[in-house]
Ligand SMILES: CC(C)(COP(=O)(O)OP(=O)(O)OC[C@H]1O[C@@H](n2cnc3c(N)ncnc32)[C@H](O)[C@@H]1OP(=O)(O)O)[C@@H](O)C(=O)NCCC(=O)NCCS
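Listed next as structure tokens is one chain, alone, in the form predicted on its own.
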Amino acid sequence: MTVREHVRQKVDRLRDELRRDDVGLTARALRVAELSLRAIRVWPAVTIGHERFYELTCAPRQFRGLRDLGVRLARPDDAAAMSALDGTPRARIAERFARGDLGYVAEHDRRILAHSWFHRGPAPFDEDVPLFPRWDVPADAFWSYNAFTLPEARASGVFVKLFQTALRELLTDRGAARVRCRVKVTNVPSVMLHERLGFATLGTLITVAIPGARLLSWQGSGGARHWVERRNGGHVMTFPPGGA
């Protein structure tokens, strides 16, 4: 691909984002800003985030389809396959197991097609640092994160069965009173799935981060709040967030 073709591809992508009709103007503008920062290669020194936060308190119904698809808890010896799935370093996966996080995998004929991770409270979840704050996870909660499905298995129901099965087990068998997560506002399929499964919206957070500082703007439960903090500080964000 020539330089001109590469530039044209990026411009076309920006135009496509601006023309989207499945999200609002603010979401489109922030997504274009994010792509522009990536295109000029200042990301992640300068970042923009637009995330919706959800909470589930009732177990979803049992998934009845895809009977040949197995869903189970991941084991440490799955680390190599899970790393190959989405590129997460094996050392990071080992850290997750060591701190007690639960990984669920969906497999067919002993091949892992999808995975999803859950971090148990009360320890805050900090894998999103430094792009975002550390997230508060109450003692009776799990934080849902790092879901991934192989491209050829998407739109097949594989991840829906995995996610639904894992959520049901957490809320019925593992003592969870709630499961929380964040979803990029422009990731419409993920937004729709979470809401279909019964997740309730806690609020929406916009973040703008530069070296040394981060501006945060929250809209949702607890009202609207805006504050500035050190980018790599030890702040833990609760829901709804406190003041500056």
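Each residue number is its position in the shown sequence, starting from 1. Since the model is a prediction, treat every value here as computed from it, not as a measurement.
Quick note: we don't show the form predicted in complex with the ligand, though the next part is all about it.
Although the ligand is omitted here, in the model of the complex none of Val185, Thr201 and Val208 has a heavy atom within 4.5 Å of it. Residues placing heavy atoms within 4.5 Å of the ligand in the model of the complex fall in a single listed stretch, namely 185-193, out of 41-49, 213-221, 185-193, 24-32. Taking the partner from elsewhere, Ala81 is found to have every heavy atom lying beyond 4.5 Å of the ligand in the model of the complex. Interface membership of Arg111, defined by any non-hydrogen atom within 4.5 Å of the ligand in the model of the complex, is ruled out. When the ligand is considered in the model of the complex, Ala123 lies well away from it, no heavy atom lying within 4.5 Å.
The ligand is not shown here, and in the model of the complex it never comes within 4.5 Å of any heavy atom of Pro76. Between the ligand and the residues Val71, Leu102, Leu171, Ala153, the one pair within 4.5 Å by heavy atoms in the model of the complex involves Ala153. Of the residues given (Pro89, Pro138, Pro130, Gly157), Gly157 alone sits with a heavy atom within 4.5 Å of the ligand in the model of the complex.
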